[in-house]
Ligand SMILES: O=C(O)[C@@H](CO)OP(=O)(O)O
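Before any questions on how it binds or moves, here is one chain, the form predicted on its own, in structure tokens.
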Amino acid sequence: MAAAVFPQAIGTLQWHQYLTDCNLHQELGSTSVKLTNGFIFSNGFFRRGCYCSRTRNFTVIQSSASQTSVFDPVKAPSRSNTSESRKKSNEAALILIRHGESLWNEKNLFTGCVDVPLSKKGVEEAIEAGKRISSIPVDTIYTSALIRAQMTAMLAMTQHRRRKVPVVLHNESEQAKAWSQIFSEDTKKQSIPVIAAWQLNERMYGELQGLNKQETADRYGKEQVHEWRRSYDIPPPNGESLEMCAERAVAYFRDQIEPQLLSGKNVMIAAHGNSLRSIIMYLDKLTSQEVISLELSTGIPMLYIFKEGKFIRRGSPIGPSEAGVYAYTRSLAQYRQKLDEMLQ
């Protein structure tokens, strides 16, 4: 199953170029990872730099959704009224997806901001997530800068009935922006901009990264490890607390993503357990005590409706089926009906 869809995902991500630009090398399945600026990860320890809020010695992959104008004939049948219909829109869909199982999830290792791809099960989870959102409109995709989240987004979109192609936007330099432009208006209509942001990365687990979770509990004590993992404001050694992760993730959501929803654009976010917990804390107005007990399953999408400035949760992160996860609003039901008619 993975072989049939993975080449498209990699081609869209231009991942080889990303690895080259970042000078990142890793040995999958081991604990040896080398990043830019002298940053070394070895045997569970990090030295200098990381994709986190406390240090800035990393490569930032970021862009603005306004660079690409997305036009969807299913939503707006004529081009002349696209702008007007967006201004009048007071409802938008927000899809949150925690990435599928990674190779280090599979081995029960602390992963954090180490760049690790999906496992075979993770690929299947991402594809299944795509089936669950296949009739939900998506205008813009946000992912973290980590490959497991980006793979999840790309694989999920291979299942979408609208058959638009995700295209990664690049804003790292003037040359990157020029090279990644889409010049054809017809191509713009059939593409979805993908914006990768380090602010959506998983929290950095510091010295725990790369260590087996059970062995770590045996070494430091179960209670101590539980405190590092589940407290709100106590970070692991040289790592981030959930509070620190929330500071960057929620700030990015409010500054970059919420304006897209206000404009009527439907947004999908593929990210990580802790960055998404932080965003859900903001959406659902959870307390610091409530959020630490929130669990998000890998590869299970969650739907919010943004309407009249409020976020309404419409899907459970552990819903067993599309019918259980999504209670369609009238606008989403109409979108699905138009897809049915278009694809007959």
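Numbers for residues come from their place in the sequence shown, where the first is 1. In this text, all values refer to a predicted model and were calculated from it rather than measured experimentally.
As for the form predicted in complex with the named molecule, it is not shown, yet the points below apply to it.
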{"item": "Contact residue in the predicted bound form, from 109, 168, 127, 96 (heavy atom within 4.5 Å of the named molecule)", "value": "109"}
{"item": "Among the candidates 135, 256, 274, 158, the residue which, in the predicted bound form, approaches the named molecule to within 4.5 Å (heavy atoms)", "value": "274"}
{"item": "Region of this chain that lies against the named molecule in the predicted bound form, out of 248 to 256, 150 to 158, 168 to 176, 227 to 235 [heavy atom, 4.5 Å]", "value": "227 to 235"}
{"item": "Partner contact for residue 213 in the predicted bound form: the named molecule, 4.5 angstroms, heavy atom", "value": "yes"}
{"item": "Heavy atom of residue 263 within 4.5 Å of the named molecule in the predicted bound form", "value": "no"}
{"item": "Heavy atom of residue 105 within 4.5 Å of the named molecule in the predicted bound form", "value": "yes"}
{"item": "Those residues of 198 to 217 which, in the predicted bound form, come within 4.5 Å of the named molecule by heavy atom", "value": "202, 205, 213"}
